[in-house]
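What follows is one chain in structure tokens, specifically the form predicted on its own.
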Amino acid sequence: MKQQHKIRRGGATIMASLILLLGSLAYIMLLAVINGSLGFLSAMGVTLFGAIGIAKALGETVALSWGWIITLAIACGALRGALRYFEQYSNHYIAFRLLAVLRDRIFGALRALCPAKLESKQKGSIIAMITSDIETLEVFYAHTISPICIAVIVSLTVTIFVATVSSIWLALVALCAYLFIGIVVPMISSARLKVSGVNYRREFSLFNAYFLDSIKGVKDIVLSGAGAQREREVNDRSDVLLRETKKMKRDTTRAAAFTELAVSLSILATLAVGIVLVHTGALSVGYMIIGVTAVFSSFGPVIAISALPGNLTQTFASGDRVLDLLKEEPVVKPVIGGREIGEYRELSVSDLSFSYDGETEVLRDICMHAKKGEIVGIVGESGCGKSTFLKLLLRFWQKSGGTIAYNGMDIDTVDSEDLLKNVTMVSQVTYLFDETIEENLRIAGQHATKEEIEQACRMASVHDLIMSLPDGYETCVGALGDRLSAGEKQRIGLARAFLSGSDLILLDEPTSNVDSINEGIILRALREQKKKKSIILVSHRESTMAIADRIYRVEKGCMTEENK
């Protein structure tokens, strides 16, 4: 059974947190509220001045002349258009600026969390967050904050106007209607829409994750003959998402119908009270028309509020996930302003231990050393902790105990940026972006010259291969790098490592996905760079260890040095 996602924070807490993100843009939001309020009052002015004209024709004492009434009605119509433009411009300016800020903060948070905590997250869910969830928040900034403020201002203004010009009883009816439509109806609707809204966002995120995985693994799915099964699962998940979408739309429609019913009843109640007041002689027909017209034309802002729960439930769900990510603490906090390695000379590891959960040890009492100019091999069965050890050397995880020292400096005191500048890792699978080979290589050296790029590729024994391609270094590798074999990708990954200029290179199973020919090419390239670099080579293949100066074997979380 799928675990349902529940919003951890209350709606008010989420709204307050999102509003705090406005920062220096708050004055623009204030301008949007002022423009919106004056704009709606201007729109009301068109019909209101018409009602004043009718009252004047009925013999009521009106200070304005016919010329002024007509002029003011026309002016209100023109002013409404201008103010509406500036209101929408301000709202969307804030929304798009904040979306850019939020995306920047999310990418910053992901960078801080990467790679430790992201190893347990589905990439499809993250993509849904930085696309769909962020875009949902745009509704909050552009179409939620301002309408709520406008509804309050307009409702109070109309209540005071009707009480002053027409009747206190009409004003009380209007105030009760505003409170019911603007507060009670949204509360009822929100309670009904909360479950369907949250379920929809959850299923949307899960479907995104599963569908993305299906696309990325389509080749393996086809080769394994699992296409039909995968298609059924995609269709089943699509049906679940469709059902949740229908539930949400149905609940939203019911809420909208209930709001329209409430508005209609409020209008009838206002009209009935006005007729009674006229019948009892408490109010003249002309001023009853003015008061009733003012109330009739003022429900727009509160209707907008009553329609918010349908969007707010999704906004709260999206906002809750985004705020969770922004507040999530990284497993390892970066060291800023720490010590610098300088020119790498040696790595020394002693009594190192590590546990993911604080209970089960993955590595214990690990001791090893690696000096510049040598290749150190680490061999062991899959799952014995070799890759985890390499990640600890880069401080992707926080060691539980022991020491990892570069040039005699403990890794926890070394500046994080300086560490990554001096130590680089080539993982088991080299990811290539859908760009040219040169652009993929420049990830490791944005300002590298053409000659430096070619030299790195020669060092990785991949230059001749690249030059044999139709467009050489300008060849586009294709989506997910499908135009290159696993061995070719590995060599490009190795070229990236050489281009980075790091003195210590960590290689995680560099030959696991290649044949014996490509393995020989990669190992030869590594042996040729032995004098310039220090290389730690991890593999489960005994044959790969042929080029190592020293070999460590990992078994059940323990590491022992072997004699060659």
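Throughout, we count residues from 1 along the sequence that is shown. Bear in mind the structure is a predicted one, so any value in this text is a computation, not a measurement.
Same protein, other form: the form predicted together with a small molecule, not shown, and the subject of what follows.
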query: Option touching the small molecule, based on a heavy atom within 4.5 Å in the predicted complex, out of Thr253, Ser382, Thr164, Gln229; finding: Ser382
query: Proximity to the small molecule in the predicted complex, single hit among Lys489, His143, His463, Lys386 (heavy atom within 4.5 Å); finding: Lys386
query: 4.5 Å heavy atom contact, Trp397 and the small molecule in the predicted complex; finding: yes
query: Exercise: Gln428 in contact with the small molecule in the predicted complex, heavy atom 4.5 Å; finding: yes
query: Proximity of Arg553 to the small molecule in the predicted complex, heavy atoms at 4.5 Å; finding: no
query: His540: touches the small molecule in the predicted complex, heavy atom cutoff 4.5 angstroms; finding: yes
query: Stretch from 368 to 376, 387 to 395, 76 to 84, 337 to 345 whose residues place a heavy atom within 4.5 Å of the small molecule in the predicted complex; finding: 387 to 395
